[in-house]
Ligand SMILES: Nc1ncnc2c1ncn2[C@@H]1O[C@H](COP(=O)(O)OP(=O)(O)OP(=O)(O)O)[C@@H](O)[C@H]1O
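Just one chain follows, in the form predicted on its own, and it is written as structure tokens.
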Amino acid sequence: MNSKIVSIKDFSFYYGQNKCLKNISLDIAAREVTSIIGPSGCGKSTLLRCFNRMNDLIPNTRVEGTIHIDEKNIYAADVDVVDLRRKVGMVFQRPNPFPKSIFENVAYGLRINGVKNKEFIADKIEKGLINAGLWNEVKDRLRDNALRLSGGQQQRLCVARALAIEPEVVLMDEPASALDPIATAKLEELIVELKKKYTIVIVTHNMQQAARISDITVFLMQGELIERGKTSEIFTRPSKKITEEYITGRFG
């Protein structure tokens, strides 16, 4: 049994007066893939962005309750948010490489964290690209502009960029939604491989994807956690009728 790395207790999130996450309690185990599913607007991405406090960037928001990562309350007053985001990496819905070389894209996180040793940086970039399943495709073109890569390669480059700073948790917000089926399959294979080293939390609207790659599935609806369980059970024997209706497409 994997030990928990993220522990959410009675957590709520507000945009102004609107309570969009409602008293959520949830544990996430280390070195597993946890999928968050649910209809559009149910709070999936909002919850994901609470894990690295990306929602802090939105004005007029507030939280109640706690999120602990490695037993540290990430919303405590003394938390260094830059340090938190070093520990909790993020891959967004659409590939967002910088208009720089492949090398500089992966080096970015190291450089903003003050790393200057060229050999160290080169080593981390190679490891990041290997871990992202991209090294063999780009090792001879590291000085090429990253925007010349295909969409699938760009997304794996963004994974490499997130991995280069050696996070413990990797958040992925619908990372395959802009990719074609072949690139999606490669990304899914990569996610399954990465869980040997990392804790992965993925938001997906794709039921088949959640069923294929995740160990645990969390179902949200209207900001509430309806059900959490082993993916195999959620997709075959959900305990709540509304979960079954959503998964089988009879929802609403």
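Residue numbers here begin at 1 and follow the sequence given. Nothing here was measured: the structure is a model prediction, and the numbers come from that model.
This next part talks about the form predicted in complex with this ligand, which is not shown.
With the partner omitted here, the stretch from 39-47, 26-34, 62-70, 180-188 that lies within 4.5 Å of this ligand by heavy atoms in the predicted bound form is 39-47. With the partner omitted from this view, the residue of 104, 174, 126, 168 that lies near this ligand in the predicted bound form is 174 [heavy atom within 4.5 Å].
With a 4.5 Å cutoff on heavy atoms, residue 197 does not count as touching this ligand in the predicted bound form; it lies far away. At a distance of at most 4.5 angstroms from this ligand in the predicted bound form, all three residues 15, 58 and 205 contribute at least one non-hydrogen atom.
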